[in-house]
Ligand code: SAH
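Only one chain comes next, encoded as structure tokens, the form predicted on its own.
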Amino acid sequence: MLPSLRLKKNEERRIKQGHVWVFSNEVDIQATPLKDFSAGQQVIVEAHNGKPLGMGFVNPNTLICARILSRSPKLELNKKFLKKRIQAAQGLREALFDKPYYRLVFGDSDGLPGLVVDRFGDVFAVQITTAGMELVKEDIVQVLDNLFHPAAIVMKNDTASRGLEGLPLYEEVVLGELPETLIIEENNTQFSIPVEGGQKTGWFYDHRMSRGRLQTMVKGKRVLDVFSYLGGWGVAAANAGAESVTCVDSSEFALDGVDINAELNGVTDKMSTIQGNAFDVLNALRTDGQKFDVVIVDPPAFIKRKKDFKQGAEAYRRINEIAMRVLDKEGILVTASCSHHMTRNNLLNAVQSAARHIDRTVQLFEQGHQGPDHPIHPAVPETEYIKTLFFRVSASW
């Protein structure tokens, strides 16, 4: 029988409505002291009256001190549980995609809090961000091996969020051997993925649908891809018939990847790269009188914590203002945010404010969301994070 973690009176309402996070200030520490638990320990979460709310795991050292895995108090997190959840996640992806390139597991949204698995054909990149999942790491590897017989499984456990759970940072091939070249296909475009050494798990599947939508708009256009990483937007645009594409990133490693992916798709003659700070590069392009028909602004999260909102929102406003300044007449601005705290309306307001500051008129004509392999848990708003807005930018009316 698993030990109990009891909530204070009236603190179970959010959990009953479907959320899966328990915060440390919601726990009745007189009845169930947090200090009595070890990080990752499995527990039964109870209402103040002792009624079970579900099974999960606990970390007494974090603000989110427990995460619920199942509403059944009879289950435990083991190989059987993992297999069932991963098979369910796989069933959704197989219904959505005809090729094995997608996010296989998306944490809370797939009932596996703190576990992300990206699939690159027969190579799997695994990222664990909770102590509970870390304790069953070997079981996760075994289940993936049994279900998919992969060529390799890589643990990409080098994300800073692991520090909040008291977990070490590391990157390790835990099964098989990585191929020298790992190629995926997305929107009829091929990409070479640096699983080792690349950002996050090596690739960002979340913008797949929006990148595909952009491809329908770029034929014969001059495109600027800001914060390009490996060219997910830019190389796809070139492959869809753009006249020219310029990719901007601060990382030499990323821009080397752009060159590799351009060559892979036979669009090297259309591509150019600029290494540097995005704000500085955009200002320099403006000073040089450079103009583009389409500008994509897909930055990293400018707002990682709620308290950073004011400063981060201003950064979104500024980057979009400079982007508009290098757009030609009736140009298209594609702007995105992966900050959960920057809502769709916040981003829309930032773009509108930037437009009015430089006497432009913007028309929002398309909106994008995170891809379907990043499903949203309706009771956990934190699982929705990607916003993509497509604007036509004109002279002031």
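Note that residue numbering follows the sequence shown and begins at 1. Everything numeric here is computed off the predicted structure, so don't read it as measured data.
The same protein has a further form, the form predicted together with the named molecule, not shown here; the description that follows concerns it.
K.L.:
Does residue 103 reach the named molecule in the model of the complex if we count a contact as any heavy atom within 4.5 Å?
P.N.:
So residue 103 does not count as contacting the named molecule.
K.L.:
Does the named molecule come within 4.5 Å of any heavy atom of residue 261 in the model of the complex?
P.N.:
Although the named molecule is absent here, residue 261 would stay clear of it in the model of the complex, with no heavy atoms inside 4.5 Å.
K.L.:
Mark residue 227 yes when one of its heavy atoms lies within 4.5 Å of a heavy atom of the named molecule in the model of the complex, and no otherwise.
P.N.:
Answer yes; at least one heavy atom of residue 227 falls within 4.5 Å of the named molecule in the model of the complex.
K.L.:
Considering non-hydrogen atoms and a 4.5 Å limit, does the named molecule approach residue 87 in the model of the complex?
P.N.:
Result no; residue 87 lies far from the named molecule in the model of the complex.
K.L.:
Report the residue, out of 176, 194, 121, 300, that has at least one non-hydrogen atom within 4.5 angstroms of the named molecule in the model of the complex.
P.N.:
Looking at the other structure, the residue within range turns out to be 300.
K.L.:
Exactly one residue in 285, 126, 278, 267 has a non-hydrogen atom within 4.5 Å of the named molecule in the model of the complex; which is it?
P.N.:
The residue in contact is 278.
K.L.:
Counting only non-hydrogen atoms, which stretch in 322-330, 203-211, 159-167, 216-224 is within 4.5 Å of the named molecule in the model of the complex?
P.N.:
Heavy-atom contact with the partner occurs in 203-211.
K.L.:
So which bits of 243-262 sit within 4.5 Å of the named molecule in the model of the complex, heavy atoms only?
P.N.:
Heavy-atom contacts within 4.5 Å come from 249, 250, 251, 254.
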